[in-house]
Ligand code: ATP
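The chain that follows stands alone, in the form predicted alone, written as C-alpha cells.
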C-alpha cells in the first residue's frame, strides 16, 4: 500500500504540439479507491502511464510515499496495471497469462509454483473465466480477454493498482457485477487503487475520492458527494449527474433573477454579495438538477416556468422529460408512473435552495 503524489506534472506529445497534462498536482491517499473521471482526451490514460513508468514526465515529480519514483523503471515501482486494451501474450494460455506477473524474476522467490497455481485458480473463479484457463487469447471474446487482462493485474498484491477503463468492453450485467467485485477486493486488501473512467455513474459508485479531468487540467477533487452536491464550475456540474444539470442563463434584476425572461426567482442575500464581489451586474448562470424540478399544473401559482413536453425517455422506474419553452429546453427526472405524455402542457417548480449559481464569465461556482 502507498500514498501516490503528483507534483506539477506535465506531459506533451508531438514535439510539444499536444499538451496532455498541464501542471497536475494530485494526492491519492494510502488505501483509497481514487477515480480519474473525464471525457475522452482528458488525460486519464496519460496519468496512469506516467505513474506506472510506461512514459516519462516532461516536468514535475511523482512520489510513492516519501520516495520519488519519477525516473524509476516500471518494474521498480511495484504497481499492477490493467488497460482497456488487453495486451495479452497471444502465444500463452489464459493460465500462463495470469501466472506471468508472479513468475517475473523480481518475484521469483516470493511465490512457489503451488502458490502461483492456487492464486491463478482463485482469480479465475472470481472473474468467471475458470473454464477458459487452457485457451489462447485468440479463442476468447473481447469481454473474456478483458477479464483476463484484469485478472493479470489482480493476481498480484502490489503497492497500487492502476486500472485504465478495465471493464469497458464487458456487457452491462457483468460490468455491474465486476464493479462490486473490484470494490470488495480493494476494501479487503486495502491496496491504493487509481481507476480511470469516462462514466460518471461508475466513478460515483466506486470512488472514495475522485478528480475531474478536462483537457489535461484538474477541474475539481473531492468525494463523490462533495462533487455532486457542490460542483466547482459549469463543466463539472454538467459532467457529473445523469441527466446533466440544467444551466439556465438568467438576468439579475435587483433582488430577483429573471429566468429566460419568463419567470422571477428571489436571489439569496449571500449570492447578491458574491455578485457584488465578482463585479457581476446583470448576467448569471443558474444550475438546477433535473431531479430537483417538480411538475405542477401550468395554471398553478407554483409554476415558475411553463412549457410543453417534447420527449419522454422511460428508464424503468424513472423517466427523463425534455420540456420546451420558447427556444429553451429543461430536463426533468421523475417517477415513470407520474410522467405526462409527449405534447402535454406542464408547469415547472423548484426551490431557490436547490439552485447552483455560477459566474457567467469564468463559469466558476459563486457560493
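Model, not experiment: these values are computed from the prediction. Residue numbers count along the first chain shown, from 1.
What follows is about the form predicted in complex with the named molecule, which we do not show.
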Touches the named molecule in the predicted bound form: residue 43 (any heavy atom, 4.5 Å)
yes
With the cut-off set at 4.5 Å between non-hydrogen atoms, does residue 301 touch the named molecule in the predicted bound form?
no
Under a 4.5 Å heavy atom criterion, is residue 20 part of the interface with the named molecule in the predicted bound form?
yes
I'd like to know whether residue 165 contacts the named molecule in the predicted bound form, with contact meaning heavy atoms within 4.5 angstroms.
yes
Given 56-64, 34-42, 305-313, 329-337, the stretch touching the named molecule in the predicted bound form at heavy atoms within 4.5 Å is 34-42
